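We begin with a single chain expressed as structure tokens, specifically the form predicted on its own.
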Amino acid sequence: MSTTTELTLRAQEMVPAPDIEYGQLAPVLIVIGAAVVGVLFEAFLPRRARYAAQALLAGLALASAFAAVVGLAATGRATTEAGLVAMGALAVDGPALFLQGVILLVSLVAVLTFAERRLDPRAHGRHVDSFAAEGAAVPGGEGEKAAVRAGFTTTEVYPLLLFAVGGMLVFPAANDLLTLFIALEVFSLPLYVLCALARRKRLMSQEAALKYFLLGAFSSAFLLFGIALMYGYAGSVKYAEIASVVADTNRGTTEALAGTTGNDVLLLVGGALLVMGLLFKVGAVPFHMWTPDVYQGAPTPVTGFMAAATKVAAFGALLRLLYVVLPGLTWDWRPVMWGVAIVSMLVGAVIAITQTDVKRLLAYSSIAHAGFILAGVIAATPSGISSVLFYLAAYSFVTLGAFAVVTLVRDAGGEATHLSKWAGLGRRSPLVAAVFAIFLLAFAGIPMTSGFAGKFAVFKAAAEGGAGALVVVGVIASAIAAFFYIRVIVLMFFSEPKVEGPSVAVPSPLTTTAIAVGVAVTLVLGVAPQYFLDLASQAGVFVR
């Protein structure tokens, strides 16, 4: 045998070939593959053909990935056949598949709002969408004016959306800390770019993107530092091995880490930094400062997608971290989460009262909802997991629908987001105002809407988990929040419309479908939630 052959065989023994279950990774592979094809479309398709091709590709990819998720769930991957894939890097279990399904459905609806081109008046005889004509052009400069005259559109938003969705699919399924970090960066970086691409108010949009990028970089640094400390503590980045060291059942590690393994200071500080990084993505207090500015400045279709899908992915990752990696520290993290949940609920509800911009109001509303969802996380019971899964599904469609309605109310400067301009909207356009009222009532948790079923589920789980005082605070915060939701409804229906007030644009079937789906899900999950609660309960078991 030649020396070269011997070296090859020895290398194969030392570095085994990876064992990848491609079928179980199909949802992620479909989305990432379509994103790569979208980049090739940008390189090789003529500009006039890109819009239709990119929108169709994104829609088909997300629908196919959702079908793959349903197929995996139907073959028992969510229950009896759950397991780890990609050499233990990812989990294919109930929570992962449930959240991936929600993310894909939300993203599919979001694509419809991205593709809308009927809301703004035509520019130089061509339809325009919500995104800048030339993203790299200086706002107001000659390059931008030339791009508008030429009818350019930033069709790169579709592959960016798909890359973000690909990262979000991996994030709640990650089963080791490095995969978690990579997924975080894969979905965060496209979002930073998407936030900067508004066609109107470009400087505000770029300011929002810069704030999101800088604060997101800090959160990534916290997360990465936490990963380093957890590796120093456990000698591994795999969730199961860290959990076994936390439970004091596996203290044997490499000689290089013998001096630090089992050091509780590393565990507590590392765990705190990991949780901080995830709470930033959730938008919980005190890691919420980016939320109102980014929601206000980003293009509204991007805001809706980000507000819905990012929260689902981040809460999924937080649940897996707390329930799989740190169940031995429940008595340490529960008091901290109590504080974060209470402050998030109260700060979000109280500050929302002072807001005069619809998008900022919905931003502070999302902060309060992060607190409500944390009540289910704090329960630390199976019913807590299932209630959080249900709440995330319900909340995401309400949020997406609400922001889709915001895109319709317009004046000469684009979207009319100042609350004073919504006065009398119910008389000018009763249907649009009624739909928005349904979404606001769902946010408030009024019976017969998905918001009530979601809040009831998480508060019930929290009470059963011994967090009765937290439920009382949650009910008080909900009452405060109901004030500003109902105030907007009163403003729309019981105020005189202004003569120079905004108009309501007539959308294409794309945005109409997105809003209709939001209303349908809101009412179905409110009137008949039991099937979906049972589905979340069946999907609420993490594989370890």
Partner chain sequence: METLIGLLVAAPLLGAAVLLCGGRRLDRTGHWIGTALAAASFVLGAVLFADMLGREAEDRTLSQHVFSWIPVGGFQADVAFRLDQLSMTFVLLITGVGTLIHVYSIGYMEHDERRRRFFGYLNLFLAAMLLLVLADNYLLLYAGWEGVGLASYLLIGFWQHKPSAATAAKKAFIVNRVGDIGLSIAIMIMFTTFGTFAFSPVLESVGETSEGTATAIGLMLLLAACGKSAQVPLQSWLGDAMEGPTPVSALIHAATMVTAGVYLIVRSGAIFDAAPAAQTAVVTVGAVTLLFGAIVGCAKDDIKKALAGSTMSQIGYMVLAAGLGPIGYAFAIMHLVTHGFFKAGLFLGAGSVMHGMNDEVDMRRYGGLRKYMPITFATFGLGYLAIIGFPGLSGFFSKDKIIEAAFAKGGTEGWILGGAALLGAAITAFYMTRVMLMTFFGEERWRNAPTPSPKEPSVEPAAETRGEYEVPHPHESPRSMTIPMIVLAFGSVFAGGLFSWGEAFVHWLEPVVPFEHGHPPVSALTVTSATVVALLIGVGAAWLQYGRKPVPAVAPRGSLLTRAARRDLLQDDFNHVVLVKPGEYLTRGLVYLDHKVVDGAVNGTAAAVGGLSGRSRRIQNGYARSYAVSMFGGAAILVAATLLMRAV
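What you are looking at is a predicted structure, and each value in this text was computed from that prediction instead of being measured. Positions refer to the first chain, counted from 1.
The next section is about a form of this same protein that is not shown, the form predicted together with its partner chain.
Trainee: Among 75 to 83, 280 to 288, 404 to 412, 106 to 114, which stretch has residues with heavy atoms no more than 4.5 Å from its partner chain in the predicted complex?
Mentor: Heavy-atom contact with the partner occurs in 280 to 288.
Trainee: Can you work out whether R118 and its partner chain are in contact in the predicted complex, taking contact to mean some heavy atom pair no more than 4.5 Å apart?
Mentor: Residue-level check for R118: no, no contact with its partner chain.
Trainee: Quick one: does M276 come within 4.5 Å of its partner chain in the predicted complex, counting heavy atoms only?
Mentor: Yes.
Trainee: Heavy atoms within 4.5 Å of its partner chain in the predicted complex: does V170 have any?
Mentor: No.
Trainee: Is A146 close to its partner chain in the predicted complex, meaning a heavy atom pair under 4.5 Å apart or at it?
Mentor: No.
Trainee: Between R199, R360, H127, K421, only one gets a heavy atom within 4.5 angstroms of its partner chain in the predicted complex; which residue is that?
Mentor: When its partner chain is considered in the predicted complex, the option within 4.5 Å is R360.
Trainee: Taking 4.5 Å between heavy atoms as the contact cutoff, choose which of A380, A240, I342, I351 touches its partner chain in the predicted complex.
Mentor: Looking at the other structure, the residue within range turns out to be I351.
Trainee: Even though its partner chain is not shown here, does it sit in the predicted complex so that A49, Y51 and E142 each have a heavy atom within 4.5 Å?
Mentor: Answer is no for this spot.
Trainee: If you look in the predicted complex, which residues in 302 to 336 sit within 4.5 Å of its partner chain (heavy atoms)?
Mentor: If the 4.5 Å heavy-atom criterion is applied to its partner chain in the predicted complex, 302 to 336 yields L329, D332, P335, V336.
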